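Take a look at this one chain, the form predicted on its own, written out in structure tokens.
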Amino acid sequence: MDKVRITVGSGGKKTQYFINNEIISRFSNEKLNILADGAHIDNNMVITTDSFTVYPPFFDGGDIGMLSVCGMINDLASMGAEPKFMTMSLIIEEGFPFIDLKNILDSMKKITDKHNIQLVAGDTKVVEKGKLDGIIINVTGIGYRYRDIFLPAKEYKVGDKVILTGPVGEHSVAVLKSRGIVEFDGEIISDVAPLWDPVRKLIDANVRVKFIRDVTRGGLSAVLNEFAFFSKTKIEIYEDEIPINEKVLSICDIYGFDIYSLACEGRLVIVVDSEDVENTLYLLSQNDLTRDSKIIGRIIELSKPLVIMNTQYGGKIIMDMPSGEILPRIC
């Protein structure tokens, strides 16, 4: 590859290839090599970082500011860490409406206040007009392991259950509608939301949580494959059990999108011990953000990493990692 292609940042196979061959090959260490949503540092500290490039910056159900803080919170939650501090870097195109910038910052402030997160450092850059699509936000989150839980876990067993906390693809479709790429009657609201509270309740209830990952770039298929590779397991997924928004599914059928590759910003894949699955579903059902949680699969072998989907038509297919960039950037 002589030039960087957009697929390098898609969250699929090209992203994994780039990370393994250009990042891990140079910077390999025991904390980085886990390739989780963050890293466990000394003294129970957990750190995560992400950049948000969604365009347009406002969409049904949220904006880039809300997206960036929720994404940071969810990445820390996926590590079993309570968010405490954050840094923020703003890269702004000259001419960006100042009222929009104020509204974006207000969105960020609202979420950080609710979760008692302090902004402790930051940076602001303005680039020439035409050099950027509006605004990019980078957020680094710092938290502490909650009740000494360590995620992702190292040990898995046959029968461990895979849970999805809600319908997939609503964020992608909301952003695509805002861009005018898809058209439909009615409204689909982005699923963007902070998910530390339901994760904390699972930990408080002593649920044996083994793995959490928020479903973002690459969608559900990418997250399931990441889990299979990390845990070195074969997992079986039941298509009939995957929560689906019927309007999102119809839009995918019309426009030819793969619903399992669409990004979310408020959904988690959670792997728990089979003995804790009923309590897990009960606890998740008590929160409006996770009330549609369902068991979508289980570990069937401790073997070569593989994701098998039992389709709604009765067959079995390999659910592979996405291989290309199907949609414009939406997170």
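Residue numbers run from 1 along the displayed sequence. Please read all numbers here as calculations on a predicted model, not as lab measurements.
Quick note: we don't show the form predicted in complex with another copy of the chain, though the next part is all about it.
Q: So another copy of the chain isn't shown here. In the predicted complex, which residue out of Asp258, Asp106, Asp240, Asp197 has a non-hydrogen atom within 4.5 Å of it?
A: Checked against the cut-off, the match is Asp106.
Q: Considering another copy of the chain in the predicted complex, which of Tyr156, Phe230, Phe211, Phe96 comes within 4.5 Å of it through any heavy atom?
A: Result of the distance check: Phe96.
Q: Counting only non-hydrogen atoms, choose the one of 280-288, 297-305, 58-66, 30-38 that falls within 4.5 Å of another copy of the chain in the predicted complex.
A: That would be stretch 30-38.
Q: Answer for Ile317 alone: is it within 4.5 Å of another copy of the chain in the predicted complex, judged on heavy atom distances?
A: No, Ile317 is distant from the partner.
Q: Report whether the minimum heavy atom distance between Arg147 and another copy of the chain in the predicted complex is within 4.5 Å.
A: No, Arg147 is distant from the partner.
Q: Any of the heavy atoms of Thr140 lying within 4.5 Å of another copy of the chain in the predicted complex?
A: Judged by the heavy-atom cut-off of 4.5 Å, Thr140 is in contact with another copy of the chain in the predicted complex.
Q: Evaluate Lys114 for contact with another copy of the chain in the predicted complex, applying a 4.5 angstroms cut-off between non-hydrogen atoms, and reply yes or no.
A: Contact check for Lys114: no, nothing within 4.5 Å of another copy of the chain in the predicted complex.
Q: For the stretch 105-139, return the residues whose heavy atoms include at least one within 4.5 Å of another copy of the chain in the predicted complex, in the order they occur.
A: Residues within 4.5 Å: Leu105, Asp106, Met108, Lys109, Thr112, Gln118, Leu119, Val120, Ala121, Gly122, Asp123, Thr124, Lys125, Val126, Val127, Glu128, Gly130, Lys131, Leu132, Asp133, Ile136, Asn138.
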